[in-house]
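To begin, one chain is listed below as structure tokens, in the form predicted on its own.
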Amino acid sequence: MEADKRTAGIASSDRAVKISLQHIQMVYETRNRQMVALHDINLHIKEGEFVVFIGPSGCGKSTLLRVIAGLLKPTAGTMLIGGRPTAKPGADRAVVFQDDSVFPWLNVEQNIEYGLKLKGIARVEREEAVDRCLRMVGLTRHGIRKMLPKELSGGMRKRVDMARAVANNPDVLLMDEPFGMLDAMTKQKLQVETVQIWEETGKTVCFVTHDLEEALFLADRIIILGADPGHIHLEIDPSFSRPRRIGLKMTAEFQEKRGQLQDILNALSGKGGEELDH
């Protein structure tokens, strides 16, 4: 199989560590007690790796993603991005949340180029970036650049969210259940487009989801978090070859691994009948 652009000539073991979390602790102070959201998180994520976080509700998946984004400062521990200690947001990281974060008063083009404009990027370069990012997310219909968010479907707004994040050319793309509010068909299309964007750009991606099929389809590595307090319980390599296409979900091997993952999560939840998948 021909290697994709991201990994051409570079074995996974030879890639540099992009994100290093060392003994990360996150404690929230409440009126009556302390709540430990994350306990002793140690994790290394390679450059260009696609890592997916799953686990029971309340295990700290979104908290961990916000720590990586610099939106939350950990109570203890060290985070390195590209080998440099950091605990603040930076242009090297972009976040796509579950809720729409497009500016309702800006049209599609203005939303996507917003960050580039703040950086003082020339208009011609901004237009080229908008063209490129619209193509990546499949928004190529005539006239769409001038449409306002209220004129778009939920799936189209999410594509604009993704395009805006990619347009700023971050090293790390952080995605917090970005497709959780979408219907099954739209979600599936966006999963495929996410893989294609990742293959084309080579970004390091950290992705939070409750959807087990989504996790298996997207990930190089799945990090399973346990709760009370949030901790890394297990790491799984789906071991599916790339490039991945949607037909993979219909294979017996994929469904077998999905079942195994469900068993692990059900055992973690302590409620054998409670499924974490959507």
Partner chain sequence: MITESTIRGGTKPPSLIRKFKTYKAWVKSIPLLLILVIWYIVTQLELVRPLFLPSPEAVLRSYVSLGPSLPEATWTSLSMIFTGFLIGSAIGIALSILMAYSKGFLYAFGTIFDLLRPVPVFALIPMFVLWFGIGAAPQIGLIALGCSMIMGVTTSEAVRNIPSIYIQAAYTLGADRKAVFRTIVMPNIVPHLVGAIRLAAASSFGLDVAAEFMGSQTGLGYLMIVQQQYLNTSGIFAIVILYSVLALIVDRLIAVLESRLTAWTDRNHKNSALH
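Numbering follows the first chain given and starts at 1. Remember, it's a predicted structure, so these values are computed and weren't measured experimentally.
There is another form of this protein, the form predicted together with its partner chain, and it is not shown here; the text below is about that form.
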- Option from 199-207, 145-153, 79-87, 175-183 whose residues, in the model of the complex, bring a heavy atom within 4.5 Å of its partner chain: 145-153
- Note on the structure: The one residue among D171, E109, D100, E193 placing a heavy atom within 4.5 Å of its partner chain in the model of the complex is D100
- Taking heavy atoms only, is R126 within 4.5 angstroms of its partner chain in the model of the complex? no
- Item | Partner contact for L118 in the model of the complex: its partner chain, 4.5 angstroms, heavy atom | yes
- Message: Within 4.5 Å, heavy atoms only: does R164 come near its partner chain in the model of the complex?
- Response: yes
- Can any non-hydrogen atom of V130 be found within 4.5 angstroms of its partner chain in the model of the complex? no
- Kindly indicate whether R66, R93 and Y114 are, all three, within 4.5 angstroms of its partner chain in the model of the complex, using heavy atoms. yes
- Item | Change in CA distance between I197 and L152 in the model of the complex, which is 3 Å or more, as closer or farther | farther
